[in-house]
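Next up: a single chain in structure tokens, the form predicted alone.
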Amino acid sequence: MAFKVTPWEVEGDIDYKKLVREFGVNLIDNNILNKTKKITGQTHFMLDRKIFFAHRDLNFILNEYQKGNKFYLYTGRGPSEHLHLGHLMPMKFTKYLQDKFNVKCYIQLTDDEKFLFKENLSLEDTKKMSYENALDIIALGFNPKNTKIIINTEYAKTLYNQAIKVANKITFSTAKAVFGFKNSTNIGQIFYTSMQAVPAFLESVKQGKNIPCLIPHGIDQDPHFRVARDVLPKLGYLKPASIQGKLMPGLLENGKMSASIPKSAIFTNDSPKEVKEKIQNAYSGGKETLKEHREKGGNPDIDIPFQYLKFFFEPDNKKLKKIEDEYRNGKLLTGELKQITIEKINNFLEKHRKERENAKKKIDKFLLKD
């Protein structure tokens, strides 16, 4: 089945093995997992389950860290009206990395990108969305002492002074080849990748020396960082390392969560009733009848409620394995699996909304402004 993965569009049933070959990333192997465990004491369940599954230069980052040379983290997202669980997943993983390695983190909210790529949004709209998204990110527990959030238009002077240097090293032919730009593409879109490259060397600029950077991100954003890795050495900076994650599946068959398709996603402002309805109607791996399910079992590999437990809501590997085995052998019914997922999501969202309200009091401590 055909699929499409770009920084702005994801369609179809993604073949991650094919993406690994096309993008030229490396799979995370047991050597990296063991080294991570040796440093941090334990690996995150998203690593164990190969949700974050590929990388560039992660060995370099870990080796430098073992020598006493700290790296810093950089991640981000294009703002949307409301964040959904698929947006929070890489942020949650980033916080794990920050906590375990005790490093600084930049989070970029690209209000300029959203404005340039979405014709129906004003710059005021995208800036407002960025502030709202920042609250959801802060609610995950990031510490303002070592976490800084960049809203691009609010930090434009600093970003542009570096982005212009990046842009000077990127040809239009490169941009067309990597991103598929056409003659009808507005010139802001063509320039934009230069802005997204800046946080990958911003800490090096600030400290006046090369500081390694690790970028956790969904694999759909990889093209931006391939360009950055090509350009930054020409400016005297290290290539940013990266760790790529799979995209959290949407509620519907064969697709990721999409903010533009409400029924495909669970949002942070969804009510308990909405969560229940969405999960109950989610694509299932169960059999059509109770008798058949008891005899043949369900398929957790395609079951969306189970995938949500796997990607986000059941961090205990032993508990997840028990649920998986019981679903496969028919002991656990589809309705029972959905109920487990509904309860875990609603418990998370109840706490998240409280933390989001608290975040309003401290957002200014996180924001970088010129």
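Computed from a predicted structure; not experimentally measured. Residues carry their position along the shown sequence, with the first being 1.
Heads up, the form predicted in complex with another copy of the chain isn't pictured, but that's what we're talking about next.
- Judged against another copy of the chain in the model of the complex with a 4.5 angstroms heavy atom cut-off, the residues 123, 157 and 186 are in contact without exception.
- At the 4.5 Å threshold, heavy atoms of residue 291 stay clear of another copy of the chain in the model of the complex, well away from it.
- Another copy of the chain is not shown here, and in the model of the complex it never comes within 4.5 Å of any heavy atom of residue 143.
- With a 4.5 Å cutoff on heavy atoms, residue 148 does not count as touching another copy of the chain in the model of the complex; it lies far away.
- Not displayed here, another copy of the chain is approached by residue 112 to within 4.5 Å at the level of heavy atoms in the model of the complex.
- Stretch 167-175 is the contacting one of 281-289, 167-175, 87-95, 206-214, since its residues have non-hydrogen atoms within 4.5 Å of another copy of the chain in the model of the complex.
- Proximity to another copy of the chain in the model of the complex, defined as a heavy atom within 4.5 Å, singles out one entry of 195, 265, 243, 232, which is 195.
- Listed residues 103, 251, 129, 116 were compared with another copy of the chain in the model of the complex; 116 is the one with a heavy atom within 4.5 Å.
- Contacts with another copy of the chain in the model of the complex, taken as any heavy atom within 4.5 Å, map within 355-370 to 370 alone.
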